[in-house]
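Form predicted alone, single chain, as C-alpha cells, below.
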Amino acid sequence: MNEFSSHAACVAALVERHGARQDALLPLLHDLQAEVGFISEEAIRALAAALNLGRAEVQGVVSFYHDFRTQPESRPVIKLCRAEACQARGVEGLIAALPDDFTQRVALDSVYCLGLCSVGPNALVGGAVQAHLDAEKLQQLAGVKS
C-alpha cells in the first residue's frame, strides 16, 4: 500500500509535483497507476477537478489507453510485447506453450514494443525488461515455476 490515505491525496501530491496543467494528464495517470496500481473513480474525479477538466474527459483518456487499470490487480502483471518483431521471433508460439492456468495466476497484458526488437520475444516484468523469452523462462519470471 502507498503512503496516501486516499487516491485523492495521492492525486494532490502528484499534481503538486507535475503542476496543475492539462497537458500533464498522461504523466499524472502513469504516476498514479505506478503509485497505487490502478486509477480509481475517486482519482478520476480528483484529477478532473485539479486540472479543470470534465470527469468524462479524464475517464475517456483512462479508458482509451489499455495500460491503465480501473480495478486493482492482485495477480503479478507481465506485459508481453506483441509487436511485429516479437511476433516474428515467436511470441504467439510462446503464449500457446504456456500452461492453461497461466492467465489465472498471472495478468498477461500486451504491449507494442519495448525497444529490444533484436532480442525478442520480450516482456516487462516488475518494471524490468526481460529478453530472449521462452515459455519456461516466462513461467519462472512470473513465479509460477521454479
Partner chain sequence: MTPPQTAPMTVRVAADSLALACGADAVAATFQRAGCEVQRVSSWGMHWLEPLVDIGGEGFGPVAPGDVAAILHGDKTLSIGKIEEHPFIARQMRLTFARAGKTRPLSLDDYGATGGWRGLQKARELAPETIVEQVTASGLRGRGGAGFPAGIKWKTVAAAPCTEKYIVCNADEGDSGTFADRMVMEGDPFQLIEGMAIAGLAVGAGKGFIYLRSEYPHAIKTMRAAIEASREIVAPFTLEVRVGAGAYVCGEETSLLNSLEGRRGEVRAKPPLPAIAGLFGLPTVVNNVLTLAAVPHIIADGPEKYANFGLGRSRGTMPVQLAGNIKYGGLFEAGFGMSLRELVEDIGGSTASGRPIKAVQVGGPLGAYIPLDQFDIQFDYETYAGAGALIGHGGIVVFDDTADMARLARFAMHFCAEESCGKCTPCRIGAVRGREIMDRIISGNGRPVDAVEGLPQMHNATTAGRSHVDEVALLTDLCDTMKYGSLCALGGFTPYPVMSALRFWPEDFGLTRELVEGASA
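Numbering follows the first chain given and starts at 1. This structure is a prediction, so every number in the text was calculated from the model and none was measured.
Below: the form predicted together with the partner chain, not depicted.
Chemist: Could you tell me which one of A135, V129, A9, A20 places a heavy atom within 4.5 Å of the partner chain in the predicted bound form?
Modeler: The residue in contact is V129.
Chemist: Every residue in V36, F38 and A49 with a non-hydrogen atom within 4.5 Å of the partner chain in the predicted bound form?
Modeler: Zero of three within 4.5 Å in the predicted bound form.
Chemist: Can you check whether S63 is within 4.5 Å of the partner chain in the predicted bound form, heavy atom basis?
Modeler: Judged by the heavy-atom cut-off of 4.5 Å, S63 is in contact with the partner chain in the predicted bound form.
Chemist: Is it the case that H30, even though its partner is missing from this view, gets within 4.5 Å of the partner chain in the predicted bound form, heavy atoms only?
Modeler: Yes.
Chemist: Using heavy atoms and a 4.5 Å limit, would one call A13 a contact residue for the partner chain in the predicted bound form?
Modeler: It does not: once the partner chain is placed as it appears in the predicted bound form, A13 has no heavy atom within 4.5 Å of it.
Chemist: Heavy atom to heavy atom, is E42 within 4.5 Å of the partner chain in the predicted bound form?
Modeler: Answer no; every heavy atom of E42 is more than 4.5 Å from the partner chain in the predicted bound form.
Chemist: Taking the partner chain in the predicted bound form, which residues of 79 to 110 have any heavy atom within 4.5 Å of it?
Modeler: Counting only heavy atoms within 4.5 Å of the partner chain in the predicted bound form, the contacting residues of 79 to 110 are R82, A83, E84, A85, Q87, A88, R89, E92.
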